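Encoded as structure tokens, the following chain is the form predicted on its own, with no partner shown.
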Amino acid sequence: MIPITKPMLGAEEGDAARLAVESGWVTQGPKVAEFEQAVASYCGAEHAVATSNCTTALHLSLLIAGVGPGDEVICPSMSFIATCNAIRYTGATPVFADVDVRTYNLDPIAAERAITPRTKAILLVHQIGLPADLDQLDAVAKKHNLQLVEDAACAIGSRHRGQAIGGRGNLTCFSFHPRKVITTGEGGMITTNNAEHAHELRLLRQHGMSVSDTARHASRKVMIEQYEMPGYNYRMTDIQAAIGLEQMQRLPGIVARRQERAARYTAHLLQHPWLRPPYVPDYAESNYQSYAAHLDADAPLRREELMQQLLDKGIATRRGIMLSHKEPACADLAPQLLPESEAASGRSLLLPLYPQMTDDEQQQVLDAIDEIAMLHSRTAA
């Protein structure tokens, strides 16, 4: 069986985790601070704040952006449900706007059309690692005096006009789940160029506590903490951060390998009769966290049929990005017409892609796709 993905972990991560345990710092400590600095440096951001996962990173970022009960936040429905959930944690209402059917990312025109007097922020998603149109979405946000928050769960290592995602200055949230490009098991990170935001984020993630554990343990004088605001327990552990530091060393090679595998898929699918490669705008450089192919509207079989036939040949796939507005959890939200999102989601599927993928494994996927195409071509004839 060829899996949809595999995390790239080795002895270095195991040794790093062991050393963290042996140090006695098994909660948030000095390794978290090192990991934050490594991510900030890579992204070109002034600050990075680690959290327990990307969902909590999104929650805190929306709070920092001033989002609260009675507000609306524009976001795509075509995204993992965490995007929508994080808005609801603040008491605000998600307002879904349509995507560009080519990129699966929030359409700036549709986002602007969805703005109302209650709109407080736009939460964009760099879907499956492909950067959204930041120039246009930034312009919309500034025109209407809105906050712009980036859900970059999948996008570490991607670039927009040559700049690493996370370095633009917006509140930008990353995930280190095992399905992502690098992993700490679970974990998240927020980058920002706003020092006040970074300070408040650090308070919020640790119950509003004014003195960090590392500062208190390092001090030669007694330090009594205060709790400056209601906060949360959204901390990352030093064990996770130690693994993350090793993963950051691997990141350039992982991205390069993913791009190489993706280029091979694309070259092959350009010749396919009805299965198309993903579209990448000129401004974007994708890390290919996932490789999303899509079926033509007149393809001879449905997406689920193709997925099953590939699975029968030992190849795992996944559906394209989910539609939050179709889930029972969002049934209480106002119904919206999102034709581009529904068309993009219903005809897309994710092909196996991971940095350890061999030429032979990828050839097995390509051969299976070709065999299915030939079978259905003969059936049609």
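Counting begins at 1, following the sequence as shown. Not measured: the values here are computed from a predicted model.
Absent from the display: the form predicted in complex with a small molecule. The rest refers to it.
- Y232 falls outside the set of residues with a heavy atom inside 4.5 Å of the small molecule in the predicted bound form.
- Contact between A132 and the small molecule in the predicted bound form is not found at the 4.5 Å heavy atom cutoff.
- Proximity of L106 to the small molecule in the predicted bound form: non-hydrogen atoms within 4.5 Å are absent; the residue sits far from the partner.
- For H177, a non-hydrogen atom is located within 4.5 Å of the small molecule in the predicted bound form, even though that partner is not displayed.
- Checking L146, A114, A82, L269 for any heavy atom within 4.5 Å of the small molecule in the predicted bound form turns up a single hit: A82.
- Comment: the small molecule is not present in this chain, but in the predicted bound form one of A48, V67, C54, L351 has a heavy atom within 4.5 Å of it, namely C54.
- Residues within 4.5 angstroms of the small molecule in the predicted bound form, judged by any non-hydrogen atom, belong to 54-62 and to none of the other stretches in 330-338, 23-31, 54-62, 351-359.
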